[in-house]
Ligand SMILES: Cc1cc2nc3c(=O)[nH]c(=O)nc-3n(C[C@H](O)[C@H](O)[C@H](O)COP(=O)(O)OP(=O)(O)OC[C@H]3O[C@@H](n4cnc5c(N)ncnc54)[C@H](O)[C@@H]3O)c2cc1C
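In the block that follows, a single chain appears as structure tokens, in the form predicted alone.
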Amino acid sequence: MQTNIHYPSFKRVEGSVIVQLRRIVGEENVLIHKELREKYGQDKTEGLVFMPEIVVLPCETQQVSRILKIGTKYRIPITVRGAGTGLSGGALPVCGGLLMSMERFDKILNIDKENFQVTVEPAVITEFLQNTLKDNGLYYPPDPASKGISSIGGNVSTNAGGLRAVKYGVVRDYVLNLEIVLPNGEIIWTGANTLKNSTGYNLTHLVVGSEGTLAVVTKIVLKLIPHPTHAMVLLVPFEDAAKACAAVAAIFQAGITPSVLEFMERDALEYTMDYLGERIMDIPESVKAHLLIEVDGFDPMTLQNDCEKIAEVLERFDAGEILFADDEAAKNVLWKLRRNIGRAIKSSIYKELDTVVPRARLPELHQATKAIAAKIGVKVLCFGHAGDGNLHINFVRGDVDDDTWNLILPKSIRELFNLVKSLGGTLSGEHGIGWIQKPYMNIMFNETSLNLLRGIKSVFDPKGILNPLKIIP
């Protein structure tokens, strides 16, 4: 349990403010009792809890505007929350104050088949949107492992990527336009519903990935593409995890761009099967890692040729017998394993990083991660989006003592992040910086760069009320 941080410049939520909020959203949508507020003080971030003083549930843009005007007038910190699936503490109300839950903004407003666009509210669940679009022959590719529970607004907030970013890109590549509410209550659109736009600074891209620190997103216009009609999935075992990492770049060098290219260590899969209570597959003792590879498109013969080329590449890296999942049941078993790895590890006490390096440097990152963990006696499980160099590194506490976990591990993480920078990488690929990675931002940015970030924040939010103490140290 964490203690909320209160600054003299921020005011508490007083009775008169509560009365005003009830007038805006209705009494039933203003939560003040502790038992109602508890779930909003935590997300999926390593057991952190910061209780909001009050929770407000608006359902339309004008309500958001009026709430923000109150926050600005009385200097009340406001934290915006989506589905609560964040992994960096980005939506935790660390200063208490008012938590604005967007859960009632849950509508798909318009599917524009002619222009391959969709307009949605931020609380729409990613998988629900994808399934709805698929029924219309349309595809929204960003595919986080949490797509069944995470919201589009949260994905926009962190610029999420997921399994298919390697071929199709991340959320930012699909956001055309945003309706946002500024901290002073003004409502604006950030761009245009066009595929090209060279008109001024790109406010849309600035807001995407800003983790709720600049504005509140109330409508999202997304670009779509035709839905692929065919896909083939391969599961490839390796006796040497380093060779599995090295094979990743070679696949692209052979002229093939898979739609999914995931790295999964043996221990991560064992954890997952224990968590699910299902022995989905038997892993020989000699196998240390797997690559999960998907190719997709519209021509089965082209995909078959791609798979054959991939198999030829993998032979050079001593891959084991490749499992081809060519029916939906077999594919679903593999997706079930991959999508549950994160949840399985979260059942332990852990510390997760989602570092990114150029994919050819992935073997060095993996080797260094293992060395750092061994040096302090902590178990580490690695998996992630190898195709784009995004490795999810999970330090699992196990029997490690408090001093090692609380004092030595942060120093080891700093050592790892310094290495990531030296490899040409960065701290986070899709989880965001939020609260827990903020102390390491000075590794990536010097003071001049940090001051530019602070300047952007102050232009949008001069009183600093919106999601304070996040991202910028």
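Sequential numbering from 1, following the sequence displayed. Keep in mind that this is a model prediction, so the values were computed, not measured.
Not pictured, yet referred to below: the form predicted in complex with the named molecule.
- Proximity to the named molecule in the predicted complex holds for all of Met102, Lys346 and His385, with the criterion being a heavy atom within 4.5 Å.
- Under a 4.5 angstroms non-hydrogen atom cutoff, the named molecule in the predicted complex lacks Arg66 among its neighbouring residues.
- Interface membership of Pro144, defined by any non-hydrogen atom within 4.5 Å of the named molecule in the predicted complex, is confirmed.
- Not displayed here, the named molecule is kept clear of Pro183 by more than 4.5 Å at the level of heavy atoms in the predicted complex.
- Using a 4.5 Å cutoff between non-hydrogen atoms, His366 does not count as a contact of the named molecule in the predicted complex.
- Heavy atoms within 4.5 Å of the named molecule in the predicted complex are found in exactly one of 298-306, 335-343, 222-230, 318-326, that being 335-343.
- Contact with the named molecule in the predicted complex, defined as a heavy atom within 4.5 Å, holds for exactly one of Val248, Ile310, Val120, Val217, namely Val217.
- Note on the partner interface in the predicted complex: the residue among Leu381, Leu87, Leu391, Val166 having a heavy atom within 4.5 angstroms of the named molecule is Leu87.
- Taking a 4.5 Å heavy atom cutoff to the named molecule in the predicted complex, the one contacting residue in 22-55 is Lys44.
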